[in-house]
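Read the single chain below, which is given as structure tokens and is the form predicted on its own.
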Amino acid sequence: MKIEEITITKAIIDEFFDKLKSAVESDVCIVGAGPSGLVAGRYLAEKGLSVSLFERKLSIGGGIWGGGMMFNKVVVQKEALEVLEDAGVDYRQYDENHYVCDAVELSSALTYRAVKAGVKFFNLVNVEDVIIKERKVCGLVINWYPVEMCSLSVDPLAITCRAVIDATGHDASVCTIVAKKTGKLNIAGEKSMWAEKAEEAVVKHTSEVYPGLFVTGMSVAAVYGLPRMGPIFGGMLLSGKKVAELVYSTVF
């Protein structure tokens, strides 16, 4: 068996750039690879759409890994069990209203299902702007996240799509960009914790907030001024499923 360093390098470059070139014109771009983004990406890709997911961190899974205060267990309510079962995640009933699953298994399973469905992942990539034409979001402006970390003056690249999903969590970073650039979107900012109200409200308010821009997960709380819910993830999962259905039915 002969292994060549230069062949390894060429293989990585060739395969990555094939993936990147195929993502330049996507059906849907998702920003943020937390629970909502992973669920949305998987369901959209399973419908045959071209889905590209951009995450500025090295790891995929968002806040799942840490559970609550680094106790790597997470809680979901009964209504969200269908998403766990669909992803093949084991869970244990804690009482009549609360179910517990392993944070590592949940993050890994959601990521695996999204990859197998065909979602193209780009980690360490930051979305620094959006493309807006005729008052509709129709693409993203991307750069390597280390470029921002090091405050380097490096021009970005552009990705086009028919719909963008902001799944960036508490920051609602894509919505914040659109709010600043258009003056047409208000970011109310998330409120203090109230888990019961937040779990219901984040699913209810999952929506299209600007033409071509949809919001899911904790980004919903940031945009609409909803309470935060802490380490219960049912609302995140259900919001991801809802936004996938919403994007598919309204755009495609």
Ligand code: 48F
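Don't overthink the numbering: it's just position in the shown sequence, from 1. In this text, all values refer to a predicted model and were calculated from it rather than measured experimentally.
Separately, the form predicted together with the named molecule exists; it is not shown, and the next lines address it.
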Within 4.5 angstroms, counting heavy atoms, which one of the listed stretches 151-159, 92-100, 164-172, 131-139 is next to the named molecule in the model of the complex?
164-172
Quick check on this chain: which one of 57, 47, 191, 204 has a heavy atom within 4.5 Å of the named molecule in the model of the complex?
57
Please run the contact check for residue 243 against the named molecule in the model of the complex: heavy atoms, 4.5 angstroms, yes or no?
no
So in the model of the complex, does any heavy atom of residue 41 sit within 4.5 Å of the named molecule?
no
Find out whether any non-hydrogen atom of residue 238 is located within 4.5 angstroms of the named molecule in the model of the complex, and reply yes or no.
no
Examine residue 125 and determine whether its closest non-hydrogen atom to the named molecule in the model of the complex is within 4.5 angstroms.
yes
Sequence order please: the residues of 23-40 with a heavy atom within 4.5 Å of the named molecule in the model of the complex.
31, 32, 33, 34, 35, 36, 37
